[in-house]
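Below you will find one chain, with nothing else, as structure tokens; this is the form predicted alone, and questions on how it binds or moves follow later.
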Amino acid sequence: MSINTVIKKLPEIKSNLKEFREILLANLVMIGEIPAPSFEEERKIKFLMDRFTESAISESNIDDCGNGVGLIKGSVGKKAILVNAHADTVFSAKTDHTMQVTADTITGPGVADNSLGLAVLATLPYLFEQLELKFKNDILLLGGVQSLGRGNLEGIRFFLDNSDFDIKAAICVEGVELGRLSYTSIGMLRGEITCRVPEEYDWSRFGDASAILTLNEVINKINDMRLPKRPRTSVVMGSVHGGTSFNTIAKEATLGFEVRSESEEVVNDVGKTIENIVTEVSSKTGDDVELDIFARRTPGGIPFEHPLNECARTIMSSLDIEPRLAPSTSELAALIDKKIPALTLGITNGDRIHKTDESIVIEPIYNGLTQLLGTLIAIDGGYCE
């Protein structure tokens, strides 16, 4: 038997999925309108649990970390296939989470990252039943909490550390982009640098004190660092905020940054250099400059030629989906740390990611769902080992 056995099933699956448009989009809108910044995902997880209960799946519970866990028992059940989607978004509870729905798109904060992923997770038990998809292995559905930012993948790490399931493979579901195929994790270091003007500063001096100016000096020194081209390495300066008004000297300013590299050693070296920059600027200016590292990732993953990877690419090709191969720093990293073969797949195309008018396109969702179901069927059938 070959993967072609699975490929032949996909056109019928895709055609049938269109019958379930309304339930998927209803789940997406209801999930999307529940605020869920990291560490505040309880309401969204409760919604997921309600959907699991309505689907009458074998077992569902919220674990001690707050993750929502659903179990669909397989006919054999010696091993499990994990399907994960993170529940948190980058938007605060104060943001208006109203979803705007048109015939072609859905727009709203967090709809792509990752309300769509969680909506897919909530809908999967219903789809399995309606499409009469049966599995030999147990299917574990995990709505993970505390994934983004300072969450540092705590939800999925807790689950993997405390689960008794023998997980043979895993798929991380992200709302966007369709074609995303991540099978490796890059080395990463994420943190913030905060500059503060001391309270005892002599404010009679005119205009030469500002936390923003101090932070600018830090940024310039980081920008002047010589980074290797091989292994590929970058420093992403992702956010800057500070000050209160035009005519008030800024007493505090913060830079959010991320170091990425194919080499863990290079990540550590760059991190040490940034630490030295912070110490130097603090000593030179007399301002308080604080470095806070709150997340790290270790490089790793499965090879390009791994059967799981090959199966996913073959399924994508049969659906005319162009694979977009890129490393990840998401939940995939936690699975890699546990030596579990895993992929991250995207469901549809989107725009304006991480803006309040974030948007996803509806029609490609059917292709994205078909690739996900096809990959699950292939894993369950033993084609990916």
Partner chain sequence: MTEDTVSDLQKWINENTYHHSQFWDLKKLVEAKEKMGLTISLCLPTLNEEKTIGKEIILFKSELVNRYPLLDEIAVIDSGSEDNTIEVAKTYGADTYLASDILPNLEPKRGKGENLWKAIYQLKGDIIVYVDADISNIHPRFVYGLVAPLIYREEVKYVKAFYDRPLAFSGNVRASGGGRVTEILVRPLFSLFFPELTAIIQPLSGEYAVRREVLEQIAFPIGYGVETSHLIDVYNKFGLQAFAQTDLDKRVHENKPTIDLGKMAFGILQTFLKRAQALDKFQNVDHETILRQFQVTKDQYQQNLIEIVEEERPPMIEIEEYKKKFG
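Numbering follows the first chain given and starts at 1. Values in this document were obtained by computation on a predicted structure and should not be read as measured data.
The protein also exists as the form predicted in complex with its partner chain; that form is not presented, and the subsequent description refers to it.
In the model of the complex, Val240 stays away from its partner chain, with no heavy atom inside 4.5 Å. Proximity of Ser92 to its partner chain in the model of the complex: non-hydrogen atoms within 4.5 Å are absent; the residue sits far from the partner. The closest non-hydrogen atom of Ile23 lies within 4.5 Å of its partner chain in the model of the complex.
For Gln100, a non-hydrogen atom is located within 4.5 Å of its partner chain in the model of the complex, even though that partner is not displayed. Looking at its partner chain in the model of the complex, residues Leu153, Tyr183 and Arg297 place no heavy atom within 4.5 Å of it. Contact with its partner chain in the model of the complex, judged by any heavy atom within 4.5 Å, is made by just one of Glu42, Asp351, Asp337, Glu54: Glu54.
With the partner removed from view, the residue among Glu305, Glu132, Asp96, Asp164 that has a non-hydrogen atom within 4.5 Å of its partner chain in the model of the complex turns out to be Asp96. Partner proximity in the model of the complex, defined as non-hydrogen atoms within 4.5 angstroms of its partner chain, places exactly one of 183-191, 102-110, 79-87, 223-231 at the interface: 102-110. Counting a residue when any of its non-hydrogen atoms is within 4.5 Å of its partner chain in the model of the complex, the hits in 24-40 run Leu25, Ala26, Asn27, Val29, Met30, Glu33.
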